[in-house]
Structure formats: structure tokens, C-alpha cells
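Before any questions on how it binds or moves, here is one chain, the form predicted alone, in C-alpha cells.
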Amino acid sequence: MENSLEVINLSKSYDLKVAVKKIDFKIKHNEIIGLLGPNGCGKTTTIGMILGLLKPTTGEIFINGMKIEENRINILQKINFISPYIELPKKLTVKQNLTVYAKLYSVKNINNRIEYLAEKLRLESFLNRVTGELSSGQKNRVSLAKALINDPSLLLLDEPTASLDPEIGDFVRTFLEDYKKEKKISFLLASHNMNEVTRLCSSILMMKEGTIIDRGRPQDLIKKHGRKNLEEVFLKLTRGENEL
């Protein structure tokens, strides 16, 4: 079966600065891959190129076997993105926001789709409230509903549980696990939460200074580097071999 995402020799440069340097990786169908690295390592730039927001300096991106530069409209209909740092229009109600995004993606049976996501993400009690008045946990779940409104086959997640309390963070992680089982969806997860990555991801890409410096299953990386957990592996790789 073809991969959900394949990145080949991908690079991005800005004048004299190289943000991403010749990276390669694949995400299979129904797989969650973690993308880890310190701030400024190239994670967000990589996600921007996959979404078609940034044009690569070199390299190719294939989504569901199609090259993004040649099939942009078709591909963008089947992928989506979530980040807690991008807010929805504050003066619209939750339902109005979801309706707008559903129309942008030409979703059929919009009300049925909103009802389905509202039930799954526990949004029913505030569907008609103005989005700007919601708590951070409520906004996060609404953003997740927005990212799933088009029933994507590939979802890119940038710090999806940042600043959430433990209960809501666990709810979101459990939801992602259950939704993946139900829909056979693929995820690229960029996160600084090492427990979250260990729990959700079948494999991890470790980035530093624009390159992928190591990759593998969480437990394999922990064993390979002789550390107790993924956070210690992260610190070893990002600080350098002799820091721990």
C-alpha cells in the first residue's frame, strides 16, 4: 500500500540560512510519526512545506502517492492541520466557525459532520457560544474539530496539547488514538511532550539544526542511547553526546 506521506531530499533556505537540510521520511497509512527537536530546528518549516504554505528550495513531497506541487487542490482537500497557536475567529460561534471551514472544504452534509465531531469531542454544550469566550481546553477541542471537518487522511499536529491541563490533555490523546483506529488516519505529530510522543507514536524523527539526526521506535531509541526515557534521549541528542 502506498504511503500517506513521503518526503524526499527536502530542503528550505532563506538567503544564507538553511532551515531544513535534505531530509527524507515516510508515513504509512494508519501510522503516527513523531517529529521532535528543539525550537528553531526546522519542525514548523517542514510542516509548512508539507501543507504547501512554503515552497521547498529542493526536494519533493508526495501525499497519497501524488506530488503536491502538481496536485495541490486535490491533495489539500484531504489533509489538515492543528496548532494551539492559531486561533479561530473569536466573534463567531463554535458552530459558525465549523460551518465556515466545512464550506471551504466543500463538505457534504455539514450538519451531520458537525454533530458527529461535537459528540466525539464533547462540544455540544458550547456549540452556540462565541469562540472567543471559551476556555483554552474548549478552544483546543474546537480547533481539533476544525482540523477534522474535512475527514482528512493525513493530519499534521503541531503541539496539539500545549498548555492544556492533564485531564484535557489525556482526553485529546485518547481521542486521537480512538479516531485513528476508527478512520485509519495518518498523523505527523510535532511535540515537546515526551510522554505523549512515547504513547502515541510508532516511530520518531529527531531533528537538530534542520537535519534528522536519528530515528526509530521510542523504546528502541531509549535502549540505543542507554537512557531511562525519551526525554533523556532528547536532551542527549539536542545538547550533544557528552552533556549527560
Partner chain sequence: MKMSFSRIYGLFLRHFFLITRSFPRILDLIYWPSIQITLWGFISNFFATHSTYYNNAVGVILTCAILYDFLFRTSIGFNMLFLEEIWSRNFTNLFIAPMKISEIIVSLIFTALIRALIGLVPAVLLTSPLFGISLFDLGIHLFFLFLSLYIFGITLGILVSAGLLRFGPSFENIAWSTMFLLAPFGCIYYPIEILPDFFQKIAYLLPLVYIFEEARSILIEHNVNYQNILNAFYLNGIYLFAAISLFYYSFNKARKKGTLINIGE
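Numbering follows the first chain given and starts at 1. Because the structure is a prediction, the values reported are computed rather than measured.
We do not show the form predicted together with the partner chain, though everything after this point is about it.
The three residues Arg72, Gln96 and Thr99 all sit with a heavy atom within 4.5 Å of the partner chain in the predicted complex.
Exactly one of the stretches 182-190, 211-219, 26-34, 52-60 approaches the partner chain in the predicted complex with heavy atoms within 4.5 Å, and it is 52-60.
The shortest heavy atom separation between Asn80 and the partner chain in the predicted complex is within 4.5 Å. Interface residue remark: Arg122 is not counted as part of the site for the partner chain in the predicted complex, having no heavy atom within 4.5 Å. Although the partner is absent from this view, Pro84 contacts the partner chain in the predicted complex, with a non-hydrogen atom inside 4.5 angstroms. When contacts are judged by a 4.5 Å heavy atom cut-off, Leu88 counts as touching the partner chain in the predicted complex.
In the predicted complex, the partner chain lies within 4.5 angstroms of at least one heavy atom of each of the following residues of 11-36: Lys12, Tyr14, Asp15, in sequence order.
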